[in-house]
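Provided below as C-alpha cells are two forms of one protein chain, presented individually as structure 1 and structure 2.
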Structure 1
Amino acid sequence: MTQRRQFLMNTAALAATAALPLGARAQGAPAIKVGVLHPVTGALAYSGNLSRLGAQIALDEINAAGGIKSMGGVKLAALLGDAQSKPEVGVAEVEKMNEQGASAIVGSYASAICLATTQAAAKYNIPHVVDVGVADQIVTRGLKNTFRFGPGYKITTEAAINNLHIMNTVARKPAKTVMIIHEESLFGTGTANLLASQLPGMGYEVKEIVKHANPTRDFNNIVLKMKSINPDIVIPANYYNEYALLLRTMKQQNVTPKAVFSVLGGAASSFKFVKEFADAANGVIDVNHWYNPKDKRAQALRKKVEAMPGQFYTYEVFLNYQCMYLLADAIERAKSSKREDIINALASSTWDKHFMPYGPTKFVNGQNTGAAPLTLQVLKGDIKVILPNTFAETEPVFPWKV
C-alpha cells in the first residue's frame, strides 16, 4: 500500500514536471538581449537618462508580465550602453552589443548619434528602433534595419504650421508677424529653415530669425530685439535650458506676444518646467511628441514615473517606453530572437497597443507613417492637448490674454 502510494506520488511528480507551464520551462532558456543605447553622460546626459528610464520601465513590465509569450515566456535582458554624447562612442557601443549578441537596439536619442548608430547596426543587420532622433536623414538612407516610431522634424514642423494657421484663422487672424528663435545645431536650424520657407506662403511675415549657441548665457539681447520688432508670435526651437532662460527673460522684460508657439520646444511640454516656472510657462503652446491623453495606460505610466523621486514624465520617457513595447511586439510575432526575423516583423508591424496618437504602426522606409505630434498648451499649471480635435482635451486660448 505504502509502496503503491509512493509510486503514485512519484508518477504524479514526474507528470507535473513534464506538464510544467511553458513559462516556467523557459526560465532556463537564455534571455533575448536588447541593446539600450543612450547618451547618459556628457552634454545630453539629462535626456539620455530619461530615455534609459523609459526603456527600462517597459522592459521590466514586459518581463513581469511573462516575457515573450510566443517563445514560452522567454525574458528580455537589457544591454545598457552609454554613447557619452558622441557619435563615435555610440558606434563602439553598437560593436560591443553586436558581440554580446544583441537581438535588437533601442536608442540613441540625438540625431547625430542615431545617424552613426543605425548605420553601425546595419553592418550586422541588427534591428535598430530609433526612439527620438528627429532628423529625417536617419530614415532616408535606405537602411533596412532602422525603424523610427515617432515623427521626424519635417512632419512635426508641418503639423505645427498647419495648426498655427488653423488657430489663427479661427481667431480671425490676429497674428501676422513671426519671430523665430532657434538653437544652432541640426534640430533648431532644420526646424527654423522649414518654418521660414513655409510661413510666408500662408500669409505670415517672418520678421526675424535669431540663431543662438548652446549654451547661451543670456537672453536679454534677443528679448530686446523682440521688444523692438514686437512680433505677434514668437516661435522658439531650442533645448530645455535655453528655452527656460528665454521665457524667464521675456517675463522679466515684460514682453507678451499673442502667442509663444514652439516646435519640439525644450520646455513647454515638460512637467518640470511647468512646475518650476508656472508663471513663465502659462499659456505657452508647443507642438511635440505626446501621448493620447485619453488613454489610461499613458496616465498610469505618468503616475508610475512621477512616483519615482525627482523624475518627470517627459517625451524621452514615454517614447522609449513605447519603442521597447514595439520591439517586444515584433519579437512576439517573429517567435525568434534572430535579427533578420525581428527586422521582418518590424517591417510588417501593425501594432496598435500603444498610447501614442499614431494609429497602428506602418513602416515605410523605416518611418512609422502614422506618427504625428500633438499641439499642447500650458493652462492652469497643467499641459493640455488643444489640437488636433480628435485628441483635444480643451480649446486653445489664442491669442493669449495677459
Structure 2
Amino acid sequence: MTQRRQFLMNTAALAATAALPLGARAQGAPAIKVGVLHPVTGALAYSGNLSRLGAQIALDEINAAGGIKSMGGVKLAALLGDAQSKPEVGVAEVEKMNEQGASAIVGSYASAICLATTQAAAKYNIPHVVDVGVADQIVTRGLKNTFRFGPGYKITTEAAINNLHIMNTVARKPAKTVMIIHEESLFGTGTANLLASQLPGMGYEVKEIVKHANPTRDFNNIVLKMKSINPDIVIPANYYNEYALLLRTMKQQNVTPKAVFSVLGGAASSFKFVKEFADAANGVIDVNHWYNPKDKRAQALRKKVEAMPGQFYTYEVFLNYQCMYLLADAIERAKSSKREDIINALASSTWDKHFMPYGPTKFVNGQNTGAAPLTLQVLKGDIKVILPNTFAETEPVFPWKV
C-alpha cells in the first residue's frame, strides 16, 4: 500500500504542476547555462574582460526583461571561463563547460583561441557563437556548431583596400608605398598576408612586412626601420597593447607617415586609446567592427558602459552584447535548451533586432553573410565613421600629413 500511495501522490503532484501556467512552472525550472569564454588573464586580458562585460550586460538585460518567454521565463546563467590568452586553455574550459551542462558558448575573442574552442565544442555538439575572431579558418571547416556574427578578415581587408584606394584617388594619389606591421598569431599574420597579396594590384608598393611577438614591450627598432624606409602609409594589425605602444613610439621618434591606416587595429577604434594618448591617436584611420552610429540603442549602451568606472565602449563590448542577444533569440525560437535545437535555430536565423551596420542575420557555412566593417577616423578626440556614406558621420581627412 505504501508504494501505491506514493505513486498516487507523485501522480497528483505531476498533474498539479501540469495544470499551472507555463510562467509559474518556469519559476522553479533550472536556468539555461551559457558559457561565456574569453581570455580574461594573460596578454589579451584587457580585451577579454571587455568581451565578458558585454556578454554579461546583455545576459542581465535579457533576464530582467523576463528571460526566455517561450519557455515560461526561464533565465540564462553564465558559466564564466578564462582562456588565459592560450588556445589550449580555452579547450580545457570548453571541456569544463560541457561537463557543467552548457547549452551554448559565446566567445572566445582571439582568432587562435576561437579556432581551438569551436573545434572542441564541436565534439559535444555545443553551439558556439563567435564574437570577434576574424580568421576565416574558423568558419571554413564545415563545423555545424559554429556561428560568427561579425565579418572575417577577408571581407574586412577587401573593404579596407577599396576604401583606401577611394580616398587616395580623391586626394590625387599622394600615397604609393606601404609598410605592414602585424602581430604573429593567426589574426595578424592572416590579415598581413591578405594585404600583401592585394595591395600591389591596386598600385601600392609594399616596402616591408614586419612581424612582432605578443606581448612586445619595445617598438624602437621597428620604428627606426620605418624611419629609414619612410613609407607613405603604415598599416598596423595587432592587439591593443602593442598597437598603442607602436603609435606612441612613432610619436616619440617623430615618424609621421602620410597616413596610419590600420586594418582591425587593436587600439585605433578604442575610446581608451583616444582618451589616454590623444596626440598619437589623432588622425588614425581604422577599418574595423563598429556599430551603426545613427542607432539610438547603440548610443544608449555606450552611455551605460561609460557610466561604469574605468570602462570604455569598445567593439569587444558591443559585439559580445549583440552575440548574447542573437543566442537568446535562437533559444527563444527553439523553445528549447537542447544543443541541437539551438544549432538549428541559429542556422535559420533572420535576427534583425541588432544595432550593427548589417541587414538581417543569415548564416552560410557559419558566417553571417550580411556582416560588414566600417571605416573610422580619430578626429578631435572622438571616433567618427567616414565610410561608407550610408553610415558616415563626417568626411575623411586624407592624407593626414601632406
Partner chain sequence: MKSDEKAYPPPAMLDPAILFASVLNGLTTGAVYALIALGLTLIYGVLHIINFAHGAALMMALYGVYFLHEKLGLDPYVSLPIMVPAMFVAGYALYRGVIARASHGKDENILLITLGLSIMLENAALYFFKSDTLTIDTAYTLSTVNIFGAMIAVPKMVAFFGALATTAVLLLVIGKTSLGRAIRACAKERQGARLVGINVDHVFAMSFGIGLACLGAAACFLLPAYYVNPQVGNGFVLIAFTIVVLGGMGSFVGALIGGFLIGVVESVGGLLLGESLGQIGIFVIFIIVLLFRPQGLFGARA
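Keep in mind it's a predicted model, so treat the numbers as computed, not measured. Superpose the two forms; the largest set of C-alphas matching within 1.5 Å is the rigid core. Counting starts at 1 and follows the sequence of structure 1.
- Only structure 2 is derived from the form predicted alone.
- Two rigid parts move between structures 1 and 2, and the turn of the smaller against the larger, rounded to whole degrees, is 9°.
- Summarising the core-aligned comparison between structures 1 and 2, the C-alpha atom of Arg217 is found to shift 3.6 Å.
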